[in-house]
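Same chain, two versions here, written out as structure tokens and called structure 1 and structure 2.
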Structure 1
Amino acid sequence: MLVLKFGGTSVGKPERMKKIANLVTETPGQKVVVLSALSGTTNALVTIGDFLLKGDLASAEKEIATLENHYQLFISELYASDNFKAIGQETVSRFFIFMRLLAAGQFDDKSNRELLAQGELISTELFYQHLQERKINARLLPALYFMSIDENEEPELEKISQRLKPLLRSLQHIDLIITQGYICRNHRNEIDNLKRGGSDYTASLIGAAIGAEEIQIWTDIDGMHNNDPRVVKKTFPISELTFDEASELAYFGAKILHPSTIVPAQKYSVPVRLKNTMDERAPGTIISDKETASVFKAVAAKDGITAIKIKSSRMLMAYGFLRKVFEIFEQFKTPIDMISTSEVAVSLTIDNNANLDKIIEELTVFGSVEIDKNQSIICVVGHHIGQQKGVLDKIFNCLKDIPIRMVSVGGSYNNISILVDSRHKEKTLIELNQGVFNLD
């Protein structure tokens, strides 16, 4: 069985939703199809929820009306027959009546989570009705029947598997099983969402839970590229990556995939294929356990980084010092990306400044603290890259004119990380593209 996920841009227009129907019926075999909300819908729902939480009902209603009009136009182009146009109008009206009922009540965080779930619920129902109009053998299986998170907001993979497998057995005569990405139930059985990775995460969890043949993530780009195509002119899609390589790239800024997506698939060795809805013939990228010998695979950049340097003579010959420093970051639930130490100083980076002032206050007990904001981590990923001869020479020769704040080698077999001021990010990516991949 295949699990295919289609994102918001892939379902954002009626002609694209029709194309998805063609894509998922081209090959035989049972498939689970995971859909995101139509592009722009989740952002609109967030705006509506923000207005309602502030008590601004008039602004919320204006946004609801605009969104409803968009859906009415959408269904007028999606369905061919008057009968299914009427079904589409009833579906849209039902969802927007529910939104207005939420708005009219005591709107709180629980209501907001219910509101945010409506985008996926409506996109899947509209798509299912489109398949019905075309007499395609399909069923709608709500994600709220099987997808759940625990009190720590972590997916309950074993429970998901226990719920989902019998449901799929009961639908073994059905070709296409349609479900929602992003949404789930929490430990209180309330409607909630997966947050990190959204619909991609859903597809990976389903694939892992049922031991799928392959998980396909369909987006609007032909696989993961060797560099950021928004910054660098000449890039190319990578044909193969290991799970570890893909995780590094996703964590350090490759926008096509969220790092959480890789975890369930890697745990159960289910290959993940990245495909392009706009060009289904493009080979895309396959992510699996299979290693390839290419030294340099790709470069990614992560912005919004803050570097913190703690300098103290108390570090010299002192055990337990780093533990005490790390405990401060643990106390304020702030992850660390990079770290570099010397006899009298430790430098590290974070990507969340929410508790920066409190962290600095705690760190000053140990010595002087220096802060550099607006930094970027440039991640160079490849097969055992840190163990290959001449790799560092090649990288630093590319960057001889760029000030480098920190370097991390050896923390991962597949990653060399470089910290630069964000002003130099674009030049760093371009120079690496030229020097490492020989692309001008």
Structure 2
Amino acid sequence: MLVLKFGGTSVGKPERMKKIANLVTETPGQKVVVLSALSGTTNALVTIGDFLLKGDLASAEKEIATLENHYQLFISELYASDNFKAIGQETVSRFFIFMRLLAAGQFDDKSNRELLAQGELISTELFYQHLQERKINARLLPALYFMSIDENEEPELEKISQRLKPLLRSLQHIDLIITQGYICRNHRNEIDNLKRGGSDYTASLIGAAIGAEEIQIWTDIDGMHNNDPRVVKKTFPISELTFDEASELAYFGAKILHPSTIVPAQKYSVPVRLKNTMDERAPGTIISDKETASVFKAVAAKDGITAIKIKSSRMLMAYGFLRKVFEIFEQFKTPIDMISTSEVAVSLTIDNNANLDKIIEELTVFGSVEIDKNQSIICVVGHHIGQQKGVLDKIFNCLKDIPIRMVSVGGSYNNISILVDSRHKEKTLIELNQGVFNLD
């Protein structure tokens, strides 16, 4: 069984949706097809939700009307027959009536999450109807029947597997099973989501839950590139990555994958293949446990980082100090990304400032606390990169004009992390592209 996920740009135009229908029907065997919302939809829903949370109904309605027009146009090109155009019309109307009902009521965080789910619900329904029009045998399996997260917002992989396996067994005679990415139920049984870009994570969770042969992530680029193509002009696709390498890149900002995508796939050793919907013949990237020996594979950058430095003479020759510091972050459910220590100070980074004030208040008990916001982690990934001769020399040589706030080497075999002020991110990525990958 294969799991194939198509992202927003891959379903964002009627002709692309039609192309995907061809692609999945040409792929042999039973497969689960995970779809994102049409490109731009989730952004629009976020904007609408923000207006509604602020009580600005008029601005929300303007956005809703623009989005509705977009969908009217979309269905007029997606369906061939008048009959299916009318079905599409019905579907779109139903969704937009529901959105306006949500908008009209008491609009809270719960309604907002319900609103955000509409993008994937509508894209899968429109796609399913397109398959029906073409008489392609398929079933729509609602993700809200099986995808769930617990009270810590962690996916419940065991439960997902227990729900999904019998469902798929009962659909053994159907080759094509369509479901929504991104959306799930939470521990209160409310509609929730796996955070922005979460359809990749859905695909990986399904792949792990059913022990799929392969998880394919179809997007608008020919695989994981050696650098961020949005920032750097010349980049190239990497043909093979290990789970660990891909995991570091996804977590540290390579937008092509949701940060947690690799975790379930790696746990159940299901290979992940990244493919390009716009160029099916491009080989893409295969992510598995097979190692390949290139020292420098890729760099990625993660923004929105805050560095915290705690200076304390109580740290000198003391044990148990770091435990006490870490416990504070644990108490406020705030993960730490990078850490570096000296005998009298410890610097660490977080990517979630929701509880920063409370964390600072607690840390002040230990000594002085300094905060630097708007930092970026630049992560350099490669095979046993931390152990290779000359690697640090090469990296720091090309970054000699950039002030570096923190460095982390040796934390894992395949990653060297560098913290810089976000103002220097672009230059850092460009310099590394030139100095490490010899590209201008």
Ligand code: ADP
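Each form is matched to the other, and the largest set of C-alpha atoms that superpose within 1.5 Å is called the rigid core. Quick caveat, the model's predicted, so the values are computed rather than measured. Residues are numbered by position in structure 1's sequence, first residue being 1.
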query: Either 1 or 2, the form predicted in complex with this ligand; finding: 2
query: Hinge of the chain between structures 1 and 2, where one rigid part gives way to the other, from 222, 351, 383, 74; finding: 222
query: Relative rigid-part rotation, degrees, compared between structures 1 and 2; finding: 10
query: Between structures 1 and 2, how far the Cα of residue 303 shifts once the core is aligned, in Å; finding: 3.8
